[in-house]
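Encoded as structure tokens, the following chain is the form predicted on its own, with no partner shown.
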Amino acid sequence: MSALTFTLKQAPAQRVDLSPLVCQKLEGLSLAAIAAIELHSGKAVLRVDTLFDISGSDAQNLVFRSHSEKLDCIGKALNGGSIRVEGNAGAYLGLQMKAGSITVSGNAGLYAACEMKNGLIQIEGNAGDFLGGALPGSKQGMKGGTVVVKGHVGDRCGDHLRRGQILIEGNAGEYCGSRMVAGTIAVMGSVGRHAGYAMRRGTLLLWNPPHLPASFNDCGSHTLAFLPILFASFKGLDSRFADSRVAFNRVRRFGGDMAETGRGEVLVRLAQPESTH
């Protein structure tokens, strides 16, 4: 069977909520039934077939061919199967996702992987603010799974992160890892100001020195045996993180945020072991 494919006819005037179009909700439906599903767009309600040309039949493998950044909530609460976005995705990509995989060939908007529980999200381009964060008013962000971003991410990446891992090949904005409770955020590029702000536990793994709050303690240089194991866990990913040449185990460790419980850590790569002379 070929993948169930939604090809956008033209860019919508208003943002569109695509949360009804996930694998578990479409399984067993005819193309006619799928075409008649109603989507919310501002104050309007639109049928699926007014926005998309629909083809294919495999509801466990969805494809969205999109040239718009107004398609929100793609893969919301996905509970298995795969979604591929050929183009850009809007806000709330993979919101509260439970299982399965989502791949985006372009960029993703605000709150991608927000409150995600499990699964894999890979974004080939950039991601907006609050990647892997919590919904406004909530104190529980991403709870599990893996997010890979090959471009850059905005501010507050991993805000309130509780579990899981966010792997960023590019740069991260300000307040990366803010208020995180547990989990891992790794950034190959640079990070903005206030990295780790108010973090309670968890790990920020950085390739470049950050601008940390004054409430972090410099704990000196360390060779950490768990880092090779962590990097080995990335081998199956389609990412630079799977390349053994980027791995390291020698870091400078910072503990904090001491304004909170102080049990988090920021690990910064040391390119060469320090001389003993």
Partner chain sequence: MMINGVTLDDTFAEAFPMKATRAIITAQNEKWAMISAQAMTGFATSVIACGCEAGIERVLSPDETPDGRPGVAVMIYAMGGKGLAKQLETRAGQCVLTSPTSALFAGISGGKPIPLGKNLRYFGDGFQIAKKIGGKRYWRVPVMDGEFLTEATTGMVDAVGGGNFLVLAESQPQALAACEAAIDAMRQVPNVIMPFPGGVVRSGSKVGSKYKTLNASTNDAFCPTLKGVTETDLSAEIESVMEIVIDGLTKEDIAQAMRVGIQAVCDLGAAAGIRRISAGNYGGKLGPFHFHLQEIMA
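Just so it is clear, the model here is predicted, and its values are computed rather than measured. Residue numbers count along the first chain shown, from 1.
If you look for the form predicted together with the partner chain, you will not find it shown, but the lines that follow are about it.
Taking the partner from the other structure, the partner chain in the predicted bound form has no heavy atom within 4.5 Å of any heavy atom of P209. Put simply, T184 is close to the partner chain in the predicted bound form: some heavy atom of it is within 4.5 Å. Using a 4.5 angstroms threshold between heavy atoms, T203 counts as touching the partner chain in the predicted bound form.
In the predicted bound form, the partner chain lies within 4.5 Å of some heavy atom of R263. Just one listed stretch, out of 62-70, 229-237, 211-219, 40-48, contacts the partner chain in the predicted bound form at the 4.5 Å heavy atom level, and that stretch is 229-237. A heavy atom within 4.5 Å of the partner chain in the predicted bound form is found for one listed residue only; from K76, R163, H194, K150, this is R163. Note on contacts: among R253, R15, K25, R269, the single residue with a heavy atom within 4.5 Å of the partner chain in the predicted bound form is R253.
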